[in-house]
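As structure tokens, one chain now follows by itself in the form predicted alone.
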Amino acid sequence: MNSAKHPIQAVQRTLDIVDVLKEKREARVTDIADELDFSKGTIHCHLATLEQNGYVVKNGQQYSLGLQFIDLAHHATDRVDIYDITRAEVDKLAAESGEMALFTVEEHGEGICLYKAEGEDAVQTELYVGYRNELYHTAVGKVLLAFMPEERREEIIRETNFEQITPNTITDPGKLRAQLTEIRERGIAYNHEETIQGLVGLGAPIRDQDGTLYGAVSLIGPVSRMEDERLTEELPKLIRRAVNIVEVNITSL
């Protein structure tokens, strides 16, 4: 994510408070002040302003995020033109596969989960709507990298801090670029236990007739179910069918 040239400290402080409440779920003024190394008076003033506008709620001495953020989330997803049609297809994909299905877009060089649906046998993970991930180690992230404009792809790769999350995680930019070439040829990206050991994922891009990238759809499941023909034929076919329906509808936007 790019750094602001002239950040407004008061705004940044408020956002830091929101982040603390997001992580802790609820906290006292003292807890937040200690976490951010600011005075209790300063924190209290920011919290009072947030509470006045519905962005935090106070219960006794504890503060937590307010439901006003749900309204913001609605307006944020509403700007994604294909959100409704993609959500419907992700629901079908989860039901047909029995696995967890996701709709993800790229923003600020990260993959943002905009929608999640769980099939009957879906694994339970920490993934939630709004969850952010680096692109280089997930199936949906790699497919977004593969099909975005080259200049943007190279910018993200240059700025990526590669970490060895699991033994299978690709940490060499050259090897990643080679894999992205294969993904463009195949149309499907895979994550072979590169994010979480025991989990496998696959994803495909959503594009219009001009090749503009709108996002990607993916499936995640345990390695015990994601293997052989199911991984290489059955599930890719389901994903491609879901993506095709979304892409057809893009033409009417």
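Counting begins at 1, following the sequence as shown. Note that the structure is a prediction, hence the values are computed from the model and not measured.
Just so you know, the form predicted together with a further copy of the same chain exists too; it's not on screen, but the next bit is about it.
- Checked against a further copy of the same chain in the model of the complex, the residues Gln209, Ser224, Asn53, Gln197 give one hit for a heavy atom within 4.5 Å, which is Asn53.
- When you look in the model of the complex, the only residue of Gly109, Pro173, Gly130, Gly98 with a non-hydrogen atom within 4.5 Å of a further copy of the same chain is Gly130.
- Contact annotation: Glu150 falls outside 4.5 Å of a further copy of the same chain in the model of the complex, judged by heavy atom distances.
- Glu229 falls outside the set of residues with a heavy atom inside 4.5 Å of a further copy of the same chain in the model of the complex.
- Though the partner is left out of this view, Ile156 does not reach within 4.5 Å of a further copy of the same chain in the model of the complex, counting heavy atoms only.
- In the model of the complex, Gly66 approaches a further copy of the same chain with a heavy atom inside 4.5 Å.
- For a further copy of the same chain in the model of the complex, the listed stretch (176-184, 156-164, 137-145, 112-120) containing residues with heavy atoms inside 4.5 Å is 112-120.
- Contacts between 63-79 and a further copy of the same chain, taken as any heavy atom within 4.5 Å in the model of the complex, involve Ser64, Leu65, Gly66, Leu67, Gln68, Phe69, Ile70, Asp71, Leu72, Ala73, His74, His75, Ala76, Thr77, Asp78, Arg79.
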